[in-house]
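Quick heads-up: it's one chain on its own, the form predicted on its own, in structure tokens.
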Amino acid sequence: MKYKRILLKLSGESLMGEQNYGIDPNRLVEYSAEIKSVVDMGVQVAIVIGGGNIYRGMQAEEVGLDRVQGDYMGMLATVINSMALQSALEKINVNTRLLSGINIQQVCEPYIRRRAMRHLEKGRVVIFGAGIGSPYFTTDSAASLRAIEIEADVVLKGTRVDGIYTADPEKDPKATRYTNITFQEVFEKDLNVMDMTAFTLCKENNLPIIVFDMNKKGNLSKVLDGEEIGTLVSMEPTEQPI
């Protein structure tokens, strides 16, 4: 496999499937099967999931809540999603561990870097819940930070689109997709890949990012096989968009 240890970033919204809110059981089954397929290949998998299908911290101020309080509510939403994915994976005999950035001893282990790496070495899927445990940081930032800490080879950002485009492909039919692009070009073109904190962390630590369509069956395995699925963001010179 091209990558031995990966950090898979999933959005909370992706778990909604065809629903408008919450968790779609069918989507959980699909994602679990995709993850199991690469675990069976010997790839070490860590996962960070957002909480936008349940609650976003940035919504707090809109309804008159304190932003910090709202961010902690969002962290708890990510724990709910993480528990759901953990359960779905264990139903198909994938060993998992859920590590949380905030202490919830009844359902999660506390995040300890060495413990997380040991779980990965033993072939367990490690799910990181509750972001980094601090307000004002997104789950994108958590994904980048945890990937760096566990020495992952790549961050795989699973989305509903098949890569990074010159414009929003859902709004602009003339938008074209990049197969490869550099960190610097993303900055210069002001492309929306991750939030700036998360993206800068990856750039400064030379950690490549692949943005791909997680909802297409088999894509995760194809990415790890080295196929040109989605868009690779790295320090290397880019190709032209296709």
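So that there is no doubt, residue numbering starts at 1 and follows the sequence shown. Everything numeric here is computed off the predicted structure, so don't read it as measured data.
Omitted from view is the form predicted in complex with ligand UDP, to which the following refers.
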Next item on the list: Establish, in the predicted bound form, whether G50, T78 and T138 all lie within 4.5 Å of ligand UDP, using non-hydrogen atoms for the distance.
Entry: yes
Note to self: So, G133 and ligand UDP: in the predicted bound form, are they within 4.5 Å at any heavy atom pair?
What the structure shows: yes
Check: Can any non-hydrogen atom of G70 be found within 4.5 angstroms of ligand UDP in the predicted bound form?
Finding: yes
Check: Does ligand UDP get within 4.5 angstroms of any non-hydrogen atom of E13 in the predicted bound form?
Finding: yes
Note to self: Taking any heavy atom pair closer than or equal to 4.5 Å as contact, tell me whether R56 reaches ligand UDP in the predicted bound form.
What the structure shows: yes
Next item on the list: Choose from 106 to 114, 147 to 155, 70 to 78, 85 to 93 the stretch whose residues reach within 4.5 Å of ligand UDP in the predicted bound form, heavy atoms counted.
Entry: 70 to 78
